[in-house]
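In the block that follows, a single chain appears as C-alpha cells, in the form predicted on its own.
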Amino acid sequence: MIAIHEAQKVVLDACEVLAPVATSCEQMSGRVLAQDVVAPENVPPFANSAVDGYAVRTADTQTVPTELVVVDTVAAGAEPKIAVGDGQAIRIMTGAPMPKGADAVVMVEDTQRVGDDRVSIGKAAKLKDAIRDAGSDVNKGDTVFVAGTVLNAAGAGVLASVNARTVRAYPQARVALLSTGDELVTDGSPLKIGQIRESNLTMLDAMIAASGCEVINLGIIKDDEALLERVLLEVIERCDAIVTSGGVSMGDFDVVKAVLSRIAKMQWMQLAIKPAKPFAFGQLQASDGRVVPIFGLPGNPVSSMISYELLARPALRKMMGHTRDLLRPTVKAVLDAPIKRKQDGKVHYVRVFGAFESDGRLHVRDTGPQGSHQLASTALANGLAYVPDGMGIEADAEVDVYVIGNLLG
C-alpha cells in the first residue's frame, strides 16, 4: 500500500498547469491571474459626492443653522454647470461630480428645504466632508493585483472599475466525467434484481463544478470496451482531464481497467487509507500532443468522494493556476464521542460534523455509519477526522479534521 501523501505527490507532480488565456473580467471570479494588473486610470475618475445632500463652501456653514441659496441640482452622471459661490449651495446626488467652488457636502438629513430656492443647513461642514476624491480607491499606475492572485467577485468588480476588461488568467479545467456499469439506473424506473440507482456522477458533477472546473458529463457508458475506448479517445480532444468512477479495485477486470490499461499510461494504486483504498491515475495523449490526466475513482460512493477530495481536486486546482491551498485546510478539533477502530495499517478518514462551541473550540462527532457505501451519513459531514492506525481516539481528545464544509453551521 502507498501512503496518501506519496500518492498526492505522484499525482501533483504529473499534472501540468494549463496555459493562460485572455479572460474577461466577468469570468474572473474564482480564477487565478497569470499577470500583474496595473490600473490605467483613477478610481473614482473624479471627485464626487458620497451622499445625497448639498454641495457647499465650509466657510458658509460654520454658524448653524444658516440659510443658503440653492442655485442648481447635479445628478449622478451629469456634469455640473454652475460653481458654488458665496452663500450658495447645489443639490447633489450620491456619485455626482463635485461642482467647482464646493469643498464639502452636507447630508440631506442635516438640512431642511426652505421654499423653492433656499436650504437651511443644520450642521457645520468640515473640509472634504462626504467627498470621494479622484483616485481615493485606486490611483492610476497602481498595481492592483499581482500574478497568482485568486480573484473573488469583488476582485472581478475591481477589474471592471479600472477598465481592465480582459486579463491573462489560467482557464477553467474542462473535466470529462463518466462511469460504466450496466447495473446503473438513471431513468427513475423500478429497479430489477442487480440494479442500483446512479449517485456517483450526480455527486461528482457537483464536486467538480464546485472546484471551479467546467464539467463535460458523459453519463453512464455501457459495459462495452469498444464503445468506452471510442468515447475516451474522442473526449480527450476537448477536455483537460478525465474523471471515471468505478472499476479500479485489484480484483476488478471490467471495461474501465481493460481499456485504460491498453490506451493510457496508468498506475493502479492501493492507498493506505480507509475508505478509498483503490485509486488509479494515468495519462492519455491527445492528437495535439497535450497530456490529459485520468483520475480513476473507486465505485463505492464515499470512497469516490474522498479520493476526489484528496487526490483529484488538488491536482485540478494546480492545473488552474492555484499554488497555495491545493488541499483544503486541516484544523484541530475536540472529539465529543470516541472513535473506535482496529489496526489495519491504514489511516481512517471518519466523516464528522463539527461546530464551534462556547469554549471557542471546534467540537466534532461522527455523522453515523461509516461504510464506504453509506453516502447518506456523509451528506451531513463538514469534516473528515484523521484517525491514525491503532485502536482509535477517545472522547475529549484532540483530532485533526480535514475541512470539507462550513464549520459555522
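Because the structure is a prediction, the values reported are computed rather than measured. Residue positions are given as counts along the sequence shown, with the first one as 1.
The same protein also has a form predicted together with a small molecule, omitted here; what follows describes it.
**Student:** Does the small molecule, in the model of the complex, lie within 4.5 angstroms of each residue among Leu184, Ile196 and Ser245, using heavy atoms as the measure?
**Tutor:** So, yes: the whole triplet contacts the small molecule.
**Student:** Pro293 near the small molecule in the model of the complex, any heavy atom under 4.5 Å?
**Tutor:** Pro293: no contact with the small molecule in the model of the complex.
**Student:** Quick one: is Asp254 in contact with the small molecule in the model of the complex, heavy atoms, 4.5 Å cut-off?
**Tutor:** Heavy-atom contact with the small molecule at 4.5 Å: present for Asp254.
**Student:** Is there a heavy atom of Pro275 lying 4.5 Å or less from a heavy atom of the small molecule in the model of the complex?
**Tutor:** Judged by the heavy-atom cut-off of 4.5 Å, Pro275 is well away from the small molecule in the model of the complex.
**Student:** Indicate whether Val71 is a 4.5 Å heavy atom neighbour of the small molecule in the model of the complex.
**Tutor:** Close contact is absent here: in the model of the complex, Val71 is far from the small molecule, nothing within 4.5 Å, heavy atoms only.
**Student:** Considering non-hydrogen atoms and a 4.5 Å limit, which listed residue (Leu201, Met269, Ile216, Leu151) is close to the small molecule in the model of the complex?
**Tutor:** Looking at the other structure, the residue within range turns out to be Leu201.
**Student:** Tell me which stretch of 298-306, 129-137, 311-319, 75-83 has a heavy atom within 4.5 angstroms of the small molecule in the model of the complex.
**Tutor:** Of the stretches listed, the one contacting the partner is 298-306.
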